[in-house]
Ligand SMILES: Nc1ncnc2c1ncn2[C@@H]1O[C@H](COP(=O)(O)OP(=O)(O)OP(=O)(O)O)[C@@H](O)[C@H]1O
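Given as structure tokens, the chain that follows is alone and in the form predicted alone.
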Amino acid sequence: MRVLLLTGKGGVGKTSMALATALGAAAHGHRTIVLSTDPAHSLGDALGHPVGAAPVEIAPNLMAQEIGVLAELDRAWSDVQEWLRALLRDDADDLMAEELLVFPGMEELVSLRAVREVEATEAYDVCVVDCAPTGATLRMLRFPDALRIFMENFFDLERRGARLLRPLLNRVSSGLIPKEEFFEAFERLYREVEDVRQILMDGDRTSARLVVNPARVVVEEARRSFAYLSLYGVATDAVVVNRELPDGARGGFFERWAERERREQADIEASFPIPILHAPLHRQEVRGLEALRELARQVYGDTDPAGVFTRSRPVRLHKEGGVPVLEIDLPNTSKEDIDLSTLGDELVIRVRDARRLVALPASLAGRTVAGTRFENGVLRIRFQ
């Protein structure tokens, strides 16, 4: 199943573009579903048609669904939350306890479990995801690393300790030591999160598309997001520049605005070495199926939106003269932004305020880094 992640800064027209992309894919004969994982759902608002937590047909070959985050959390996390809630109950009211039990990035990642479930049905060829704004998307990408560290370094120890202490401490307090169901739920969540991560990192079926407006603040955030997506192994196959001034609006009152847009468009062309798609600013709000279909035609023309516009692997391992070399694409990044260290059999790569733990394959385990080089947006790490 093809997965398209539409992401960008809040307010750039991400939802409209996700729906236009889905409608275009459906028009090309693909069985398509569009999912909203943004807690502030707006699929129904953009369609002028109610959309809820269950898939609803909105056009031929096209279903839409707004993921109920709280319901997904209850399904994925209920056994874990039940124990944590019991510990907090004496010191916090129920509402505060609920807030404390949702970790950063978890809401978004649990929502994306829906992609895994959609794929398991084998009912669709294309899944278009209207993601939360980029900040939430990046929190989602960080969460699997944190969960993996816990599972690999602490989980088994905690589980063995609980089994030893439970018979003793249950005589004092029945809720102090988690039940075995707690650990089973954590393992189940970890497996599901890992499945989602594998889907996101599979460049043959998953692509991110960055939606931007020709404005300095938006473009700067998109440049950073492009680098962060590459750092976490998610391939970006296109940038969609939305709400560009049409030629007829240039001149007069809008001339300074148009001049600023021209500068931003030139910067976009220079910053993103991938296909750049364009959508004009419409006279009216893009709302309803016909307006969204017109947007799809303007952006994609006769091209199938479900296609892979750029094939890339942001993280690659190969050999040069018998020496292993790990390459990571970090576009729009300078050497000064990058910090590299090792932690056991993992590389710790920090790019500005994003950090990624790269688990090294068995062939590199125990090897030391012989040298690094950053050139043309690619970090190259040589191993002894």
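If you're wondering where the values come from, they're calculated on a predicted model, not measured in any experiment. Note that residue numbering follows the sequence shown and begins at 1.
Another form exists, predicted together with this ligand; not displayed. Remarks below refer to it.
J.: Want to guess which of 282-290, 231-239, 214-222, 196-204 is within 4.5 Å of this ligand in the model of the complex, heavy atoms only?
T.: The contacting stretch is 282-290.
J.: Please pick, from 277, 141, 118, 295, the one residue with any non-hydrogen atom lying within 4.5 angstroms of this ligand in the model of the complex.
T.: Among 277, 141, 118, 295, a heavy atom within 4.5 Å of this ligand in the model of the complex occurs only for 295.
J.: Does the 4.5 Å heavy atom contact test between residue 20 and this ligand in the model of the complex come out positive?
T.: Taking the distances in the model of the complex, the answer for residue 20 is no, it never comes within 4.5 Å of this ligand.
J.: Is residue 11 one of the residues lying within 4.5 Å of this ligand in the model of the complex, judged by heavy atom distances?
T.: Although this ligand is absent here, residue 11 would touch it in the model of the complex, with heavy atoms inside 4.5 Å.
J.: Closest heavy atom of residue 113 to this ligand in the model of the complex, within 4.5 Å or not?
T.: It does not: once this ligand is placed as it appears in the model of the complex, residue 113 has no heavy atom within 4.5 Å of it.
J.: Though only this chain appears here, would residue 133 touch this ligand in the model of the complex if you measure heavy atom gaps against 4.5 Å?
T.: Residue-level check for residue 133: yes, a contact with this ligand.
J.: May I ask you to list the residues of 16-34 that have any heavy atom within 4.5 angstroms of this ligand in the model of the complex, in sequence order?
T.: Contacts from 16-34: just 16.
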